[in-house]
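Okay, here we've got a single chain as structure tokens, the form predicted alone, with questions on binding and movement later.
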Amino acid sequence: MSEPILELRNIIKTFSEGPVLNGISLSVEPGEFITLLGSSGCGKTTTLRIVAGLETCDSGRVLLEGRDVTDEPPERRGVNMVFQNYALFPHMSVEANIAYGLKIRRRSRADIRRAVADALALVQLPGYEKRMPSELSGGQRQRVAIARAVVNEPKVLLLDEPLGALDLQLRRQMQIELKRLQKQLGITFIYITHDQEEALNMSDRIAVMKNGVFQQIGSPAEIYDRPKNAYVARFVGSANILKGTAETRDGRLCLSSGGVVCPVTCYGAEPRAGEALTVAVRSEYIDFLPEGAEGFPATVKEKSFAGGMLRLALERPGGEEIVASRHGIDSDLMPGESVRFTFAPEHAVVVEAGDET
């Protein structure tokens, strides 16, 4: 394995309102697309600004290619940043915006013209050199902002929710374009978002953040299929959380809840029989059983349709809500109807309880 291009070592940051980063550590490989995913206020933007040198940490170290840059100014770090609001100079043409950093570095006019043309071709905007930012659409302005960042050949490109201001259709299109661009350039991308769909679609790895702590770092498949705790399971994919006690039947770990026992999957140390057990099950893995079959009892509370999926909200006897989703627009089940449900053991993953919100 190659040496990390970026390392964060036990970064701590506190503002007047209180702690923002609580000793986070992260190692990023060259050419990796890693996303910091979390809700507003979790610390992801502060992390990015510390990497960029726009913010100082109280303690901890930032290393780029093995070099300690913790106390170095932004211009000496070899990283560039793309912001949600584009941050283009409104009085400059597209060409002048992209060339700005190269002029500061005293590159020749011929080199600048060639680099600008290459950057515009890369973001699929050739011929836009003379246009002003006000003459561009939101998606085009974001492409120019990206071109301005990559033209300086940064070691690491930092992207602070760059698609947040775009409408849904354009945002999805730009997700594909950004991933294509990153693979073509081979530049390390550190991307932050609160949108789980963006994170799952674009990333090589995802670092889920909450209250200034990385809750879990892993591939999209690991984060989705093997969440570490209830918070990650809920935040990424809105999993159902079932609680009960651990039992062992036929040598297999089971969840016992409400008089029903069901086998589950544990990727870590298995709890002992009788101990509290928390399990995450994705809504698409909830299976309904025929009448009279043994399963978890519930009542259908609501049916709704969104994004090509039918959503069935169920209520268990103790008031706990369970969501089952299906492709399609209808189901024979009606609100008020009693049902029984279950799930396959491989789709019920034992997680740490913790705070789900």
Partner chain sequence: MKRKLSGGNAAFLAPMYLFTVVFLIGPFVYMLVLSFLTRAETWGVVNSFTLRNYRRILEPLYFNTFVESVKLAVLVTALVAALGYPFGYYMAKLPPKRRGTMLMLVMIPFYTSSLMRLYGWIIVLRANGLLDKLLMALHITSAPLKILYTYPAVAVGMVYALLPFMMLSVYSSVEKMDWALVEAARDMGATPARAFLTVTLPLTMPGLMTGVILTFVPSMGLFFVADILGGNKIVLVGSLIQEQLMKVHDQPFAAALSVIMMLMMTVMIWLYRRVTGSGEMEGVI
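Numbering follows the first chain given and starts at 1. Keep in mind that what you see is a predicted model, and the values were worked out from it rather than measured.
There is another form of this protein, the form predicted together with its partner chain, and it is not shown here; the text below is about that form.
Contact between R143 and its partner chain in the predicted complex is not found at the 4.5 Å heavy atom cutoff. When its partner chain is considered in the predicted complex, F89 lines it closely, a heavy atom lying within 4.5 Å. Proximity of G268 to its partner chain in the predicted complex falls outside the 4.5 Å heavy atom cutoff. Contact between M81 and its partner chain in the predicted complex is found at the 4.5 Å heavy atom cutoff. Proximity of R114, E153 and K183 to its partner chain in the predicted complex is absent: no residue of the three has a non-hydrogen atom within 4.5 angstroms. Residue P73 is the only one of G251, P73, G259, G127 with a heavy atom lying within 4.5 Å of its partner chain in the predicted complex.
Of the candidates R131, K103, K243, R172, K103 is the one whose heavy atoms come within 4.5 Å of its partner chain in the predicted complex; the others do not. With its partner chain omitted here, the record of contacts in the predicted complex names 73 to 81 of 204 to 212, 73 to 81, 191 to 199, 280 to 288, defined by a heavy atom within 4.5 Å.
Residues of 17 to 54 that come within 4.5 Å of its partner chain in the predicted complex, judged by any heavy atom, are R49, A52, L54 in sequence order.
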